[in-house]
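In the block that follows, a single chain appears as structure tokens, in the form predicted on its own.
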């Protein structure tokens, strides 16, 4: 099943996406809902963020090929992490598919995409084990962890480097019933494929991160966990580009890129 969050004529609602049609739901996918008799053409709706998380978790370095690319680019010798590193992003940086990734005028760059799989929490969870960690997950969506590498080198907390407004596109939909370790994530720039990787290459699984998080903090419905990126994240994002993060079961997260005027 594939859920989406939509707006039409000022009304917002969740729906089940069936091809180019949306079945309107009464209620919330994070609480309770029932299907209605209302159907809409997907093209007639504005697709919103699939959820607005209270807590926005992210995996640290989680793919070996991405580490190797970073070492080659920077002349460093970073090793794969010995334990899972969990970070945070700002929910205020989130934007929906179709919205513009806006690069601040004083951004030193390079600004790069990071197309990621995102786990969406469906119910309250605490003290889960790896064996039952996925029991709290509603489904999966896509994210683009836009990053300024210049600021990333200077901002200890990554407050600008990762969290500028509209630097965290997420969506378009939440797909249920997926195996988070058996998916292919692709990135296109201006219609040309620039990255493709499989999620079975994660250093630490989604289950591992969820178990670790819930050992210390409670996960709540609508919280999200971004699961990292593999490979190089080039070419750099430039004014006028269109960036797409793609997973066949979830859909296409598509965002134009613009640079603010000084």
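Positions refer to the first chain, counted from 1. Just so we're clear, the structure is a prediction, and the values are computed from it rather than from any experiment.
If you look for the form predicted together with another copy of the chain, you will not find it shown, but the lines that follow are about it.
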If you check 83, 123, 192, 74 against another copy of the chain in the predicted bound form, which one has a heavy atom within 4.5 Å?
-> 83
Heavy atom within 4.5 Å of another copy of the chain in the predicted bound form, from candidates 35, 198, 215, 43, belongs to 215
Have a look at 89 to 97, 131 to 139, 183 to 191, 168 to 176 and name the one stretch with heavy atoms inside 4.5 Å of another copy of the chain in the predicted bound form.
-> 89 to 97
So in the predicted bound form, does any heavy atom of residue 55 sit within 4.5 Å of another copy of the chain?
-> yes
Proximity of residue 61 to another copy of the chain in the predicted bound form, heavy atoms at 4.5 Å = yes
Heavy atom to heavy atom, is residue 160 within 4.5 Å of another copy of the chain in the predicted bound form?
-> yes
Though only this chain appears here, would residue 104 touch another copy of the chain in the predicted bound form if you measure heavy atom gaps against 4.5 Å?
-> yes
Would you confirm whether the three residues 6, 11 and 23 all fall within 4.5 Å of another copy of the chain in the predicted bound form, going by non-hydrogen atoms?
-> no
